[in-house]
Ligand SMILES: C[S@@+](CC[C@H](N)C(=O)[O-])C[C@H]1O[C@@H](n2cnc3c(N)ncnc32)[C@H](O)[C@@H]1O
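Here you get one chain, nothing else, as structure tokens; it is the form predicted alone.
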């Protein structure tokens, strides 16, 4: 028997879809605002469209006016109809202008664009069951991913995550050896190196363009003396004796996370620590049906699962694996002490010994 149509529920659902579609359509215009410096220009004070166009370096006023009205409709900036001026509040500026803010979201818009660019490749994977090699998804997925995670790393690694580990902060202050596995473009590695100048850091990643970008970052920060970056998959790292191994948001992307765990155990020094940072997901899908879970499930469909399925084993854990599954994988590598050291709205930090 066909289920009767509920007009109220239909209208509510269409209303939700209008909100979602409006948000999706904001991605290209917001990206333009970042690249053209319009958000930053507006942070200097309220402006008409003409004043904002001039302030942003002589842009075309008509385009700037339409862009400004679009961002006002998005709720990203504010519009005063009496004076026909636009402004950005301190709270909005934290998202669009303050690069070291924990909620700076330029990288999120870039990541969404990269996901859309890779749509055809992922669609083909649905048919053939294969994966997409990391770096082949889109023009600069690795850049977008680095930018997406950077605000969280800037505000959490040194301030909260490392201090939550038993005795690790003292080791690093005195001088330890650290492997940052799956380091990407090196933001996490360099943040640790700046905070702990007596320690030595090696960032490992299997994606050569990411490593090359990380080396450029190290040189520009004057940290090449105690930081180096190497091209190597997690299971191919030959150096041993690390006091700390870190993995930021990458274990679930690996083709063979269990094999990786076993190798991390082999290359750790006696008494060393493995810190695994992963999305703060619950252990059941129904418990992840929330705004954060929605974001990660979509990203996992387009990025994480295809990346893992391209690699050896192809475990495809996904970005919402949850603590129970992650703990099982870590324990399979020979680690006997595993605990959730700390957590935030987006990440959990697991400590393994």
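On a predicted model such as this, the values are computed, not experimentally measured, just so you know. Positions refer to the first chain, counted from 1.
Omitted from view is the form predicted together with the named molecule, to which the following refers.
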item	value
Stretch in contact, per heavy atom within 4.5 angstroms of the named molecule in the model of the complex, of 178-186, 267-275, 88-96, 68-76	178-186
Answer option from 109, 229, 149, 196, heavy atom within 4.5 Å of the named molecule in the model of the complex	149
Contact assignment for the named molecule in the model of the complex, among 233, 115, 202, 223, heavy atom within 4.5 Å	233
The named molecule contact at residue 29 in the model of the complex, heavy atom, 4.5 Å	no
Residue 138 within 4.5 Å of the named molecule in the model of the complex, heavy atoms	no
Any non-hydrogen atom of residue 242 within 4.5 angstroms of the named molecule in the model of the complex	no
Contact flag, residue 206 vs the named molecule in the model of the complex, heavy atom cut 4.5 Å	yes
Every residue of 43, 104 and 156 near the named molecule in the model of the complex, heavy atom within 4.5 Å	no
Those residues of 236-256 which, in the model of the complex, come within 4.5 Å of the named molecule by heavy atom	248, 249, 250, 253, 254
